[in-house]
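The chain below stands alone and is given in structure tokens; this is the form predicted alone.
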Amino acid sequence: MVNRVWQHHFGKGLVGTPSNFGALGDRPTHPELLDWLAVDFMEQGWSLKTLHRKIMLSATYMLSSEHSEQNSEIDAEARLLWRMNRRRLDVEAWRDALLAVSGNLDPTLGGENVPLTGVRRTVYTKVSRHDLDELLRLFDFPDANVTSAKRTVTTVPQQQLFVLNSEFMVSQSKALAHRLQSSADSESERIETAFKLLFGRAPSEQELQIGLTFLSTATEDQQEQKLNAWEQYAQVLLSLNEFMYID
């Protein structure tokens, strides 16, 4: 259990084969740490909340994904945990994040299962074993017919096509554009708000200028587009890797 919680936070467990601790499975990278966490987990009354807190407040969890040439020569995969491995959000977290920044997310707790077309958190979504939703299937949701110890991560063209063309992404882009346009009077302030909202940082001077140039150019050709300038810009921001990946 401790190994699976570790895998949830780091993308890979201390034992790389979470369902096989036997002779044919991977050896733990940090056996003493795994033993210590397991004993502490039991002593804390099998409290998952305490385990999550202990891992997430550790110096290891707080490491950045910054590259080090010297460390990479010794341990390219960072199995010894000298940095945080960059990884993509699970589809549930990514969908929730899209709804949250666009202002559409319904944060209500509890209740019945709902279709994925709604605005509830993805954890409340109905999952069909025979007809899995396109969004879930496309972004590596596991097969609901079998148990899955860890998810595969794929990068295929259809994922980007979904981001560019799906009604879901268009809807969130329009909602985000409306939210940004209502947040400030000047284009510069709206772009700064967008970066703080989506990426938790201010835009660089170059990013700000690119945004202003795009908005002014797109506005001139707006009659030929299905989305207005701000809706196009919002869709670009939602499509960026920085929004989808954990650094």
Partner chain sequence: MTPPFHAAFASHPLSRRAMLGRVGTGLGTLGLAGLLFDEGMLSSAQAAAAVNPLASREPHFPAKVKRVIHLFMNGGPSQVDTFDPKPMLAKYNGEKPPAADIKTERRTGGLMMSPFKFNACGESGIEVSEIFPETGKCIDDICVIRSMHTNVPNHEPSLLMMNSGETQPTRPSMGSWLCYGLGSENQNLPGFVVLCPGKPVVGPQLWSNSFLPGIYQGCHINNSNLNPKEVIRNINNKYLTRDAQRRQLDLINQMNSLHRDESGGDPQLEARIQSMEMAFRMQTEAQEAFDLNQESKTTRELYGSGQFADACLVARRLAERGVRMTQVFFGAGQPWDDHGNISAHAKKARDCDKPIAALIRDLKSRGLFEETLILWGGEFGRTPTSEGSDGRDHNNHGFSVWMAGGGVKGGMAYGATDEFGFAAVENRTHVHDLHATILHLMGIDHTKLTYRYSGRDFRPTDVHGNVVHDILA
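Numbering follows the first chain given and starts at 1. As the structure is a prediction and not an experimental result, all values here were calculated from the model.
Keep in mind that the form predicted together with its partner chain is missing from the display, and what follows is about it.
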Touches its partner chain in the predicted complex: Phe162 (any heavy atom, 4.5 Å): yes
Touches its partner chain in the predicted complex: Phe195 (any heavy atom, 4.5 Å): yes
Residue contact check: Pro157 to its partner chain in the predicted complex, 4.5 Å heavy atom: yes
Touches its partner chain in the predicted complex: Leu109 (any heavy atom, 4.5 Å): no
Contacting member of Leu80, Ala76, Val127, Val123, with respect to its partner chain in the predicted complex [4.5 Å, heavy atom]: Ala76
Contact assignment for its partner chain in the predicted complex, among Ala184, Ile55, Leu63, Ile210, heavy atom within 4.5 Å: Ile210
Triplet Gly11, Gly25 and Lys150 all within 4.5 Å of its partner chain in the predicted complex via a heavy atom: yes
Option from 41-49, 175-183, 200-208, 55-63 whose residues, in the predicted complex, bring a heavy atom within 4.5 Å of its partner chain: 200-208
Contact set, 230-247 vs its partner chain in the predicted complex - heavy atom within 4.5 angstroms: Gln232, Tyr233, Gln235, Val236, Leu237, Ser239, Leu240, Asn241, Glu242, Met244, Tyr245, Asp247
